[in-house]
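Only one chain is given next, in structure tokens, and it is the form predicted on its own.
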């Protein structure tokens, strides 16, 4: 399975937030890679990752970061591959700082921003982007969503 999605995060501590994106992609049979790419501590790694993303065949990048959360926006400045930002919850401001940082990108460098801790939805968004040009993935995604809908009861129960 070829790698189509990059899942990157600012530090190891972001992995619990980003892991649900990987799990969704696993369920849907989408190839991905995971990397720690810090905008502040490993800027050369960030530059190299962004500049090589198109040539390596990535079709979406999921970037999670907390606090100042510069990773998604900086990655968007280095590639034309769509970037999906995942704000990581922080202790001090509960992730609102991360959300505000990611959602307020300057003109020309958009980042599709998920909710705080929205790793699973980021994985689904990446799959939806890829499914635009992959009929087999589109069918798997439709089946996944139908299964989700079917799992919701019509009436509440006391159990």
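Positions refer to the first chain, counted from 1. What you are looking at is a predicted structure, and each value in this text was computed from that prediction instead of being measured.
Beyond the structure shown, there is the form predicted in complex with ligand RP5, which is absent from this document and is the topic of what follows.
- Placing ligand RP5 onto this chain by superimposing the site C-alphas, using its pose in the model of the complex, gives no ligand atom within 2.4 angstroms of backbone or C-beta atoms, which makes the site open.
- Contact annotation: ligand RP5 lies within 4.5 Å of heavy atoms from the stretch 63-71 in the model of the complex, the single such stretch among 27-35, 128-136, 63-71, 46-54.
- Heavy atoms of residue 41 reach within 4.5 Å of ligand RP5 in the model of the complex, making it an interface residue.
- Within this chain, residue 147 is remote from the site of ligand RP5 in the model of the complex, having no heavy atom within 4.5 Å.
- Contacts to ligand RP5 in the model of the complex (heavy atom within 4.5 Å) from stretch 6-29: 10, 11, 13, 14.
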